[in-house]
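The form predicted alone is given below as one chain in structure tokens.
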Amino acid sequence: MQEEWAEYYAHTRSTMFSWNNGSAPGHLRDAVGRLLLGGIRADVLASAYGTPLVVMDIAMIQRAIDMFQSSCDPLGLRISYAAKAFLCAEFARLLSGSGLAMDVCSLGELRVAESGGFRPERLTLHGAGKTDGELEAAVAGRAGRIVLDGLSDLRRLAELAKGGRAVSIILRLNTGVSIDTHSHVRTVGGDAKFGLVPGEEPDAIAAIQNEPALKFAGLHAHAGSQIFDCASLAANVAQLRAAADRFAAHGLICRTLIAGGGFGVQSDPRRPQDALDIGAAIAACTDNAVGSESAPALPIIEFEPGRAIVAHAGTTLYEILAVKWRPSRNVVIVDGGMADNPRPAMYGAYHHVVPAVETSEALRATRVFGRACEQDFIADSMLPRNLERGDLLAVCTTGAYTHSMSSRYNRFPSPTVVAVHEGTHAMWIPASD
């Protein structure tokens, strides 16, 4: 096992986010074709914890964090992990020790971050619609900053904060930039529910100026998810800078501009064009950073990656429950589906599927489904034609927006989440009935 781990670790370091002949980043096979995750055989993990099973590779997470820090730290850029991508107490503790900040979108995420050791100054509270409890948490100082998504939240917070301690606020804007991504994960433009549009800025400025307890810190604009075009990310930052000038003209100086996340992650080995260069994307967002007469001091630019930190770290293991022959392909039904990974059903997300054990058997077009009471399609794949009930399949790139978006549909149990690292494994989240 130690030899297998040593080989795995060397492979991971050299191929970080690169697919290798259909093998996902971090995946390795032993001499007889068995899939290794964190140096441990997938079938051993499935036997120990059951399936469905989400396996999170800590080495991959740490390498992703290192990649962002090496690109951002020399430029003085702050990185906040987007908790919505994946969060549990053990993972929060891991992140707390990394130096990253965190953005949270609910009292539930806030409590988990606190339990993981995050101090308020490293927390930013988000949300498209704030509950009274969330606004009260900001007033109480449980999060160092709150991002206000609209005039309603701003006015409600002003009433709660009146005459009390200072609350650091950031306004979320709808920059309206053109983003080439699925409409369900596009968060700017005319159809987006998020942020203030330019016509609402005068009212927002007046509300801030009328309440001394509201301390204006900056502006925020997250453009969407799975963005592979550096120019779109840079255009979003350019619009934020232009807005900073408008606010500065009224005496509200931006100390920070938060550009959100959205860095695309390659999930399909056939699409090398989706392998976004994170360093190049960050450089595109920070190039030509110049001040203006109204805002001569440049604000700090911040990013909020979520998917780009955890997506490749996750692999979901399923057991095959049934195999059906069809004229053009096999149909495979596994013991999970849209309840534990709604992404394919929600917006056609692609996940690459591979067998836990490679063989010399001929491949056949195979359509993989879950077992829900819908046509819960998971993926089309080329898989061994002789798959049987009880065989294991591995679904790649499931670290982000799978477990965090899971439901209890059909009253299926939620999957166990296990962390693997240097040949060891530990449960992070138990299955729930």
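Computed from a prediction, not measured in an experiment: that's the story for all the values here. Each residue number is its position in the shown sequence, starting from 1.
This next part talks about the form predicted in complex with a small molecule, which is not shown.
K.L.:
With a 4.5 Å heavy atom cut-off, would you call Phe263 a contact of the small molecule in the predicted bound form?
P.N.:
Heavy-atom contact with the small molecule at 4.5 Å: present for Phe263.
K.L.:
Give a yes/no on whether Arg307 approaches the small molecule to within 4.5 Å in the predicted bound form, heavy atoms considered.
P.N.:
Heavy-atom contact with the small molecule at 4.5 Å: present for Arg307.
K.L.:
Is Ala313 part of the interface with the small molecule in the predicted bound form - any heavy atom within 4.5 Å?
P.N.:
No - in the predicted bound form, heavy atoms of Ala313 and the small molecule never come within 4.5 Å of each other.
K.L.:
Within a 4.5 Å heavy atom cut-off, is Ala82 in contact with the small molecule in the predicted bound form?
P.N.:
Output for Ala82 is yes: heavy atoms within 4.5 Å of the small molecule.
K.L.:
Identify, from the list Asn174, Gln226, Ser267, Gln239, the residue with a heavy atom within 4.5 Å of the small molecule in the predicted bound form.
P.N.:
Residue within 4.5 Å of the partner: Gln226.
K.L.:
Under a 4.5 angstroms heavy atom criterion, identify the one residue in His351, Lys130, His220, Arg145 near the small molecule in the predicted bound form.
P.N.:
Contact with the small molecule in the predicted bound form is made by His220 alone.
K.L.:
Decide if the three candidate residues Tyr49, Asp340 and His403 all line the small molecule in the predicted bound form, where lining means a heavy atom within 4.5 Å.
P.N.:
No, none of Tyr49, Asp340 and His403 comes within 4.5 Å of the small molecule in the predicted bound form.
K.L.:
Tell me which stretch of 298-306, 240-248, 196-204, 137-145 has a heavy atom within 4.5 angstroms of the small molecule in the predicted bound form.
P.N.:
Correct option: 298-306.
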